[in-house]
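This document starts with one chain, in the form predicted alone, laid out as structure tokens.
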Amino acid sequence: MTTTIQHTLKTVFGFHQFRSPQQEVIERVVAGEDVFLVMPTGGGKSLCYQIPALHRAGLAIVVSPLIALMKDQVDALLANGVRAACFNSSLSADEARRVSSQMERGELDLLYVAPERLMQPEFLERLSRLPLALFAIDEAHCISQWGHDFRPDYVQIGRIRGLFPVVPIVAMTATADPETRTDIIRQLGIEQAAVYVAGFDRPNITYTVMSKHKPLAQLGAFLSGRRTEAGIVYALSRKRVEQVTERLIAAGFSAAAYHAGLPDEERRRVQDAFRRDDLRIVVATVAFGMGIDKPNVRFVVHYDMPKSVESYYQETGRAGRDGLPSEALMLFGMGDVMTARSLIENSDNPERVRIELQKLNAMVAYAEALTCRRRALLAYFGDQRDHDCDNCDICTDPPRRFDASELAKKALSCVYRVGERFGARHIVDVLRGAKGQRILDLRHNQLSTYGIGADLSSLEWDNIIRQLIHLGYLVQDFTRFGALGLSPAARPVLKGETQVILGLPRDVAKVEEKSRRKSGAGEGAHRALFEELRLVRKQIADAASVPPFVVFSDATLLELATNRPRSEQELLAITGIGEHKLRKYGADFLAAIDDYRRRAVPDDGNAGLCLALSDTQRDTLRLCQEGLTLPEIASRRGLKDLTIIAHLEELAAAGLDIDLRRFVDADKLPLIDARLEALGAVGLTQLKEGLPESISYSDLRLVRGAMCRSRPC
């Protein structure tokens, strides 16, 4: 069996090996067993039912929540030569009859249906007369009340086990905490199923949380270096979606709005334009995304904080499904918490409100954390890690810590003086000596704490109070509009018995730095060819009326640009190219690569590489070759040290002779080398422990980068 499914993996889907635990799952389903699978978005869940569908007799029924998602999956399967169709309300009468006929004649391997369609009595009756290979339940968390996206239509699917007792069921989700997993298995009646939890990590996604301050400016700064990349910006309300879209379009971005209040025709237009790479940015409510199987989304921005960690994980998981570097940015403010809470409390289901408030509190804790984002995110799902990720804002640029004991005393005293009856906004106004009418009416301008924090900005006080809440010195009563009160832990602080260490807030400049990060696809020496191949793909896709990713993913294009195959046999060695796609597209891409190769400047030393560098990389390279120090290069370029370090790492990765160690003082090198030798290429925070203060995170990053270049890390 193993040889057979391996052959299908390679010849049909163009992949050379299974990821863990795909092979085990597929073997069990082919053998007729039930399976429950938790695997991150982009991890390859679909193959776990698509390959069994080709190795078991009969029709595989795939339950999927959205029509657009079904269409993308079917288009991709047809492009690989697999007999697939969907049966839903988007079909015309003639199309529905054609699919019905294909079902009856055994001409389909997979049929995608919505849960509502599946559970219609007449449809179940038709299925009972057909040989069935399996049932695949995608987005299985929708069946659980504990799930973040509970859908009543999914509940009926639990009857499938009783109606078709010998047909194997494979249930899949990317987002399920332990309580939700248990509930899904119970609801589907598959208590004997083999359970596989493949982990939740998406190592290619960089996670960043920014304090929300002038959010439109922050968003614009982040997007400024990404005008050619595809991304999604999520906001909580339709009004916010419209406002943000208008501002982005006015700033020259290729953007469109998507929310449930728009006409169906407009929503379809936006979805199709985004899928076909004709639209770069979609600003949306959470109504958008679940039905989009677009692998080359390079960034997801949460303009407003989502209501749960599951929602955040699923929505950020729409970035980088092709495995290439991608960004997840969240702008976080306490106002978001109040908005989300009010939306939750509109429900008339007390148990649902209790569950969702717990999830909201976990989301706030994540947003306020000053520890590795990835560890905090994975820990929520029970996936514990013993090391930092080095691919989030906390790891790559750890917050500076400071002794905030006196500031904490001022804030706690102010909360006490106003009677523990007011929210953070009022506390900040009193601390800063604001002269608003409400403060005067309440005579809070006569308190001893009035104006004692005038030397700090509102943004700085917001950050301090948020951390005091997170650390447990203040409690927030959301039943009283977020009123702040003192916890028992506050007393030792007020008495001077406890030291309070806080992190300094991050500012807009950090977002601007991130906007200069390298693109996930085709950066460096391969960028020019990657862009040419992207144009070839777009022409082929438009002619076939399919999204570009159905032809080839960005990951496949990058591998083509890197390896530059010369023959059909070499093309088959590229991930994502099977025999069917080789016959359909191989000649066009080989011709494009040959044409590029003829036009390319011969590589004499670094000449060829330099031609493919971006302008900003080339400017940094020139100053580096002049022998300037890191601070001198940063000063001349008007950029941060961290940005220059990123350029240097990119130049080295592109094959240029860059000595990263020369930018570090010679007397620091032995200490850093010894630390690296003892621990290996661990996160910067872990490396920094025990080293002198004079050794910066930049020093560590450079020396570690040099070590990883000389030997695999």
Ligand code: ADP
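Keep in mind that what you see is a predicted model, and the values were worked out from it rather than measured. Position 1 is the first residue in the sequence shown; the rest follow in order.
Note that the form predicted in complex with this ligand isn't included here; everything after this is about it.
- Among residues of the shown chain, Y697 is not one whose heavy atoms approach this ligand to within 4.5 Å in the model of the complex.
- Among heavy atoms of Q243, none comes within 4.5 Å of this ligand in the model of the complex.
- Remark: K10 does not count among the residues lining this ligand in the model of the complex, judged by a heavy atom distance of 4.5 Å or less.
- Under a 4.5 angstroms non-hydrogen atom cutoff, this ligand in the model of the complex lacks R537 among its neighbouring residues.
- With the partner removed from view, the residue among G58, G44, G680, G32 that has a non-hydrogen atom within 4.5 Å of this ligand in the model of the complex turns out to be G44.
- Proximity to this ligand in the model of the complex, taken as heavy atoms within 4.5 Å, picks out 44-52 from the listed stretches 662-670, 62-70, 44-52, 683-691.
- Contacts with this ligand in the model of the complex, taken as any heavy atom within 4.5 Å, map within 8-24 to L9, F15, Q17, F18, R19, Q22.
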